[in-house]
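Shown below, as structure tokens, is a lone chain in the form predicted on its own; questions about how it binds or moves come after it.
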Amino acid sequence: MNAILSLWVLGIACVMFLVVLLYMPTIGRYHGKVVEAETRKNSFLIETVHGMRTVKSLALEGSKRRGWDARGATAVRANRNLALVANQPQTILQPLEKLTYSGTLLLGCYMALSTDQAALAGSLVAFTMLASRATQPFVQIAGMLQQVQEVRGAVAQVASIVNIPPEELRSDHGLRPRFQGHISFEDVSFRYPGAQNKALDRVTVDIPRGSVVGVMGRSGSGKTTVTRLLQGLHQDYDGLIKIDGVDLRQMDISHLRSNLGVVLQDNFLFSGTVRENIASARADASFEEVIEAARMAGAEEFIERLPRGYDTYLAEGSTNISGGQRQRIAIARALLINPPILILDEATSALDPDSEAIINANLTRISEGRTMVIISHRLTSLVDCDIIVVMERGRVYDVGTHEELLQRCDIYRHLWFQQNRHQNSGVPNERALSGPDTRD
């Protein structure tokens, strides 16, 4: 219709496009600050709710309230700053949109008055209407920039979880051997992601079938890491881990874990009855088998005193039973599947002496026909183990029986006398045993 007027409209449209283009990363940064502030606020809230017992016991209500107010204020400021920045492109583009209409009209009138070209009023009005339609989408895009960044942020958060590679269970091609219980670690090294030091450093241990093996050491020595690798929770280790001669990396992970009984220091129980929790890994178990597993775990005596016995409902987080009772139910749950390999990772740490004595007395029955790996700081619970592995800074420091380690291993001897100095069991004192170190 008119080349000069078209160039005028296109020039304004380019300016509007540049404004939108320049503000997109800025709004993205401000939206990132909003997400960060809201995340910190919600994480603080969830942490405080879960730690309510600690908050009350330490009288931290005031400081936690101030912390919540500070995080809430930070979130409000971040949202306000985002709103201010998101309004700026609209504030800039709206006058440019008006300039497109009025400028086109004025320029067309000037051209009609100052040149010999004939200009019809209808054509000029039609051109101004088309010019407004051409630039209006930029104003709409500017108004949607905040929503676009919110969508991008939400998609990015979802993608950060959805795009994590799934655990390779090898269910379609993994081996499913019949477990007997022979475990061997051959020069195994492992480092947690982001850690500088190795959690395990060239660990070599052979655990015979049907043996009871104790693993002890100071905190951070790698005891729990050994059991985590044995469960296939981490598969990026160096060396070989074999069960009955089969490489762990070649096994079906679901098959492996279904043949392992694992009791942790802090076990999770589901909402439901005591019977349902014990039978959660084996839903077809009979009531008699549930009772037998509870008896072996030393849980029968307190379950029978519950209001409805095995049909007593456990609330969310099992808050209606004690920590020791929760631990014994977890042990019964692991024993019900009759695993060929049983791992007890500080499983008796939350038990009272009577309950621990019941479980220790039942260890002979529990260990029949299976391999047991017991991790414990209480060395008295490892005395009857067939072999005891002493860990130190991710390495195997020594391996032997209780009597052998008491004679030659300085770490084991020191911890033993630290824990049993109040007893006079007739064992030679530490000074008498402190001879030359003949550890392996």
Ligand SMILES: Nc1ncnc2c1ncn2[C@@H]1O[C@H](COP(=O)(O)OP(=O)(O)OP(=O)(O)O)[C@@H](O)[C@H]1O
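All values derive from a computational prediction rather than experimental measurement. Numbers follow the displayed sequence, beginning with 1.
Missing here is the form predicted together with the ligand; even so, the following discussion is about that form.
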Please pick, from N277, Q149, T224, Q325, the one residue with any non-hydrogen atom lying within 4.5 angstroms of the ligand in the predicted bound form.
T224
Of these, P177, G220, P208, G309, which has a heavy atom no more than 4.5 Å from the ligand in the predicted bound form?
G220
Which among 211-219, 177-185, 77-85, 366-374 is in contact with the ligand in the predicted bound form, heavy atoms within 4.5 angstroms?
211-219
4.5 angstroms heavy atom contact with the ligand in the predicted bound form for Y192:
yes
Can you work out whether V290 and the ligand are in contact in the predicted bound form, taking contact to mean some heavy atom pair no more than 4.5 Å apart?
no
Taking heavy atoms only, is V263 within 4.5 angstroms of the ligand in the predicted bound form?
no
I358 within 4.5 Å of the ligand in the predicted bound form, heavy atoms:
no
